[in-house]
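Given as structure tokens, the chain that follows is alone and in the form predicted on its own.
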């Protein structure tokens, strides 16, 4: 069997990791970077762009470029591609990176998901793996992976074997997970989980973008999709700058609009109040459900890329009333934990004795008759949220009336008192014999495993009636035949070759800057971009190709800097070193072959 890989499939960025030489190792992509943006774009000739290259196309071709699709995992969408299909392209890219690093095929993976992902979203994630050519036997909650990464992935933070109670605050680009974890020696036990699947760093990008639109005097209803993506990209850049600075400028320059608006961390706190309030509830719910107080926690660990925002750390310190919160490798910790779990599953000697337990993130039960309002069924909970997995539990029910003709159980997931406010998972209806009375016993058993598979058994011993049903969703429960057919369709779309990735990214980067500039600068970008494509796609001189790539990167960085300053001096070559100046001379003299 080939090497098992661990994948952090994120909303904004994704990573791949393995367990090797007694530790968790991150695998670089074609750019030598660990973070691969979870963005997928499609070209006119059927080519597929993934990651850094695709991200540039959000401005130049927003209609054929997709991001944040993880938020819709397991949901009905009416676009050309489902979230599972888009995610499969990201997984294919990570799989290719791992195969390039290992020098051998990769067939199996474990993938992390938000703890608050429901059954449909978890199944959809496994389907995405199948579409990418990966066997995915296990789905791990992101905070569980973060706990593994913190304890076992980087220097063994739990070497003393002391019992610890940790709050894992996982704030990514698109989701928030908060988990309470107890650890002792080699046991990592998830006690309670809470979160919000549609809350993350993206929401702060949007808040900053809306602030820019307002301060720049723009009409939001008249801002095009392409223009908004330009503003959103500038807002994300300003947000990142606020990580290390007290203030930043939201800079937007294009043919259609331009502006510069200053923003400080203090102002960000003011305009982000509604988003910050959404963070408060999951944290409070977690502590209330677990029975712990902020003072009883031994560790508070922040992970996820958006945890780097100073206002998030300060806000968490405020609501927990403590100043010893640790922000630990926020971009990488979940992936590191997935690498640890890959080692556990491979039975590696260093981690084979580690035991990871998980909990059910939602309550599950059946609807029952409401005597006060027969049209509004009540919720009867069979498995409570935060119950340790795997679990099997039985509940006793009775018919409502003598000689009742049938009984119908609607199976739901959620916490609401009225069952129709919860999410329906399936229905089981049983015809009853005429002899049935209100004393007839109906036993309903729910069995729920660590992979999120729910099996419902119903037994009526008096009449020897039994029913068994595995709760699946036909829309997302793919058959092998369907997967094979879909893989064939997706394979017709050509993934960009790894060796071409860097050149294509430079072209898309230049194309984005071309779309955002005007005048002589626009002409200069067009000229250099055209010559670059002629040279890199037609010459076999690897040495000069590398020199030219480095030149173009510095040139495009210089263009971005000049755009912010609102000026461009064609005679200013201070950004070049001596090597670049030689390349520039060669570059300008090269003729088409």
Ligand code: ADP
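Residue numbers count along the first chain shown, from 1. Note that this is a predicted model, so its numbers are computed, not measured.
One more form of this protein, predicted in complex with this ligand, exists but is not displayed; see below.
- Among heavy atoms of residue 306, some come within 4.5 Å of this ligand in the model of the complex.
- Although the partner is absent here, residue 243 sits close enough that one of its heavy atoms falls within 4.5 Å of this ligand in the model of the complex.
- Of the heavy atoms in residue 120, none are within 4.5 Å of this ligand in the model of the complex.
- Remark: residue 365 does not count among the residues lining this ligand in the model of the complex, judged by a heavy atom distance of 4.5 Å or less.
- For the candidate spot formed by 13, 174 and 239, every residue has a non-hydrogen atom within 4.5 angstroms of this ligand in the model of the complex.
- You can rule out all but one of 376 to 384, 195 to 203, 215 to 223, 426 to 434: in the model of the complex, only 195 to 203 has residues with a heavy atom within 4.5 Å of this ligand.
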